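First comes one chain, alone, set out as C-alpha cells in the form predicted alone.
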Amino acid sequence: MGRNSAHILVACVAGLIGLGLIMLASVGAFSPDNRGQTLFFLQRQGLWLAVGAGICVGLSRCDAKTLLHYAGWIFGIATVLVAFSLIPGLGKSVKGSARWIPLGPFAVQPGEILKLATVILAAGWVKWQGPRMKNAWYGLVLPFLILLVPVCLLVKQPDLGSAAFVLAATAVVLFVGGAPILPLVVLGCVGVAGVGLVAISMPERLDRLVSFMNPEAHRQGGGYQVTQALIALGSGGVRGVGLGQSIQKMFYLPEAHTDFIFPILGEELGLVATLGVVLVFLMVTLCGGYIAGHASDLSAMALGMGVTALVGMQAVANLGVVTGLLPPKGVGLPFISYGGSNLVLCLGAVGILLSLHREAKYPAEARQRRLVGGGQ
C-alpha cells in the first residue's frame, strides 16, 4: 500500500462526503427541521465542509511532535468548552441535552472537539511517560483520572455516547502506547459497567434499552425508529427504489438527515450501495491503521491508531444502531450524516493521518534508501 495509502484514504473520504451531500439533498426537503428551505441541510453542511477541509489541510501540515507538544492546552480548552455548554445563557439545550454552544446562526458541539482532543492528550501522555507506560499507575490509572472531569461533564449534558467514545479511544491509544493489558481489560469492564449503570438510572435511556431487547413489542414507543429504519432498508432491496423516491423519509423515520440517514440511503440506492459504504469505511480504517503502523515513533503510532479508531468506532456504532444490533444512541454516520461538528472532527482526524503519512517510514522507501546508499 505504501504511499498510496494516503491517496486511497482521501479518495474514500471524498466519496463518503459526496454521497452524504447527495443524500442530504434528497432527505432535507422532508425534514421538519429544515426551516422551510429544501436545501437547508445541504447548504449548512457545505459551509461546515469548507471549515473542516481547512482544518484538515492545516493539521496535515502540522507535524505530530508540535501537535503533541500542545496536547495539554488543546485538551484543556476542549474541556472548558464542554463546561461552557452547560452554563445557561452560554450553552444551548436541544431535546433536553445541553450539548451546544451557539455561534450566530450555527452551533458548535464541544463534545466532538473533546473526542479528538482526548486522543491527542492520550498520545501526548504516551510520549511524556515513555517506559513508565508499562506501569499500571502511570500507564492507565493516572490518564483515566485526568479524564474523570470531562467525562462527568459529558454525562451531565447528558451525552453518554461521547463519554463512551472518549474512554474507548483513550483505551486504544494507551494500549498501543504500551499500557499493561490485564489492568486495561479490568478498567474497560469497570467503564462499561459504569456507563451501563448511568444509562439505566435515566428513564429515557432505560426505555431505549428495554426497547432494544424487543423492538417489535415497542414499535410505537422506544423501538419506533429502529423499526422504521429496518422497513426502509428492507424496502430498498438490492437496487433501491431510486434516488429521491424514499417513502420513509416523508416524516415516517425521525432524524433521517442525521443519525438515521443510512436506512434512507439503503431504501433509495439499495443493498449494493449500503455494502459499498461499509466497504469504504473498512478501507478508511485499513488505510488509517496502515499509516499509523508506519509512524515515525510510538507516540505518533498511538495518535494515528487513536484517530482511526475514533472514526471507525462511530461508523460501527451508527451502523449497529440503525440495523438493530446495538442499543439506540445519538451518533451520526461519519462524513455522511448531517452534523457540522462531527464532520470537522472526522476531517481533523484525516488531517492528522495525512500528517503522520508525510513522516511515515515505509519499507519500500527504506530499501530504496539503502540501495542508493550502497551504490554510493
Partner chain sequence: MKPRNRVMGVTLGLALCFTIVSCRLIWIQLVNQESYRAEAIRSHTRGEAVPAQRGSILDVSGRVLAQSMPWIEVRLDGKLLAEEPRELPMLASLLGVSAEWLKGQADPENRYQKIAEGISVETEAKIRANKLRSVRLERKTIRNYPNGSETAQILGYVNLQEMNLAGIEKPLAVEVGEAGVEKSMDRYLRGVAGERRIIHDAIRREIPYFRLSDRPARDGYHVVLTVDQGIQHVVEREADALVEKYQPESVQIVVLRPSTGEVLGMTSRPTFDPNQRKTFEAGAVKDRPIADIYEPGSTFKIVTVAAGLNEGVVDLDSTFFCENGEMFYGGSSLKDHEAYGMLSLREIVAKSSNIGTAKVAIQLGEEKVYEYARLFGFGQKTQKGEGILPGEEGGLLRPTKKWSKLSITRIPMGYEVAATNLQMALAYGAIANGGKRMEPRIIKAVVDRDNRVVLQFLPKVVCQAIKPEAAAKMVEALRGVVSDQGTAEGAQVPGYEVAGKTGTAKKVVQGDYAKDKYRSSFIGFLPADKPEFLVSILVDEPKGKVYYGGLVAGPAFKNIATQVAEQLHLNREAVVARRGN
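Positions refer to the first chain, counted from 1. On a predicted model such as this, the values are computed, not experimentally measured, just so you know.
Keep in mind the form predicted together with the partner chain is missing from the figure; the text below concerns it.
Remark: of stretches 342-350, 320-328, 48-56, 64-72, the one touching the partner chain in the model of the complex is 320-328 (heavy atom within 4.5 Å). Out of the listed residues Ala309, Val27, Leu42, Ile336, Ala309 is the one that sits within 4.5 Å of the partner chain in the model of the complex by at least one heavy atom. Between the partner chain and the residues Ile261, Leu121, Val151, Ala179, the one pair within 4.5 Å by heavy atoms in the model of the complex involves Ala179. At least one heavy atom of Gln245 is located within 4.5 Å of the partner chain in the model of the complex.
At the 4.5 Å threshold, heavy atoms of Leu103 stay clear of the partner chain in the model of the complex, well away from it. Residue contact check for Gly91: none of its heavy atoms lie within 4.5 Å of the partner chain in the model of the complex. Although the partner is absent here, Trp128 sits far enough away that none of its heavy atoms falls within 4.5 Å of the partner chain in the model of the complex. The partner is not shown here, but in the model of the complex the stretch 260-281 reaches within 4.5 angstroms of the partner chain through a heavy atom at Phe262, Gly266, Gly270, Leu271, Thr274, Leu275, Val278, Phe281.
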